[in-house]
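Consider the single chain below, provided in structure tokens and representing the form predicted on its own.
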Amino acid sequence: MTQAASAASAPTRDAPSRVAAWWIGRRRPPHPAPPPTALVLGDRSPEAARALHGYGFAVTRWHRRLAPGQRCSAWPPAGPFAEVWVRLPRSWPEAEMLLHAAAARVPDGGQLFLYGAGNEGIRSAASRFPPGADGPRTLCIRRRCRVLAATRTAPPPRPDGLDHWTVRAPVDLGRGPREWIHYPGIFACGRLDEGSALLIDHLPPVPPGARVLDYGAGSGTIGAALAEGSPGAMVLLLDNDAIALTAAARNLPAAPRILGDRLGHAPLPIDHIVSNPPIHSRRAQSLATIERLVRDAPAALAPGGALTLVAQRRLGLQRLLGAHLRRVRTVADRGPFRVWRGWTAGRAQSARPPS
């Protein structure tokens, strides 16, 4: 995996992080020397971390996905820490994984905190703390968000480390079922999603030596199908999730992996880009990733290069694609999904547009 690139987006404002920061600000600050340490896991917003710093902690921030101002890696730093604060993630398996990691990073008597919104499931999250975390108890309820706390009384039952959260499930990339490695929190964990399956069914053949980028590669399903269908091509995998790229390394070990969130993080130019790009930021729909991908594609592609992507038909991407690429075509249309392909000007290095 190449060295992590810094996320360029502005820090995110997040209601649960603001509520956690509010509660931290009401505590009586400690005065030990050296200052106690705190770890914040999975929070793109800096507000809780800033409040902890103001409270007197030496704070480390970690996220599996690129985010401004914090470490991005496939597993949190070892610690130990006096406190660990966990921003409730989208899925329960990921929440349990992070809470186990948190419990492994504090000594007995150390504090674990979990914060999130009501519509994210925080009201039922107490049951997700691992055995050996005494409590948990609700510290505050504010703006439909909650902060929970527990005290570690014993080590968590699972050994520390990402390998102990491996999910093995078969996927069929067109040549029969095969075992596939996933981890909690990866998109479509344990299955091949409908959009990726449609894109795999309509991947273009690319000539030997062509450089093909799977943008938002996840666990590597699309990249693996590309490599099998065009064995002479160089397939690159780019994703902003270090844990997803760890899975991709196990599923497609020969493919170079790039931790990044934009095309400029890959070695350019690219002959063909393929993508099933994300359209959500937590629970909210966001087209920012697709818009940036399409906008940046012409500068990243070689002359005659192509972008092929799959997305829900209702998003109506034809106009966006047409504003940046030439001869945009609908390649496939099935169920709620559609596959589009557009080309740059010049001599084609990959699949040519039909005449």
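So that there is no doubt, residue numbering starts at 1 and follows the sequence shown. What you see is a predicted model; the values in this text were computed from it and never measured.
Another form exists, predicted in complex with a small molecule; not displayed. Remarks below refer to it.
- Interface membership of Trp75, defined by any non-hydrogen atom within 4.5 Å of the small molecule in the predicted bound form, is ruled out.
- Put simply, Thr246 is far from the small molecule in the predicted bound form: not one heavy atom of it is within 4.5 Å.
- Gly116 falls outside the set of residues with a heavy atom inside 4.5 Å of the small molecule in the predicted bound form.
- Contact check for Pro93: no non-hydrogen atom falls within 4.5 Å of the small molecule in the predicted bound form.
- The listed set Pro156, Pro136, Pro277, Pro184 contains one residue whose heavy atoms approach the small molecule in the predicted bound form to within 4.5 Å, identified as Pro277.
- Just one of Arg292, Arg27, Arg327, Arg313 comes within 4.5 Å of the small molecule in the predicted bound form, counting any heavy atom, and that one is Arg292.
- Heavy atoms within 4.5 Å of the small molecule in the predicted bound form map, among the stretches 214-222, 122-130, 163-171, 97-105, onto 214-222 alone.
- The putative spot formed by Ser196, Asp241 and Asp261 is fully lined by the small molecule in the predicted bound form; each residue has a non-hydrogen atom within 4.5 angstroms of it.
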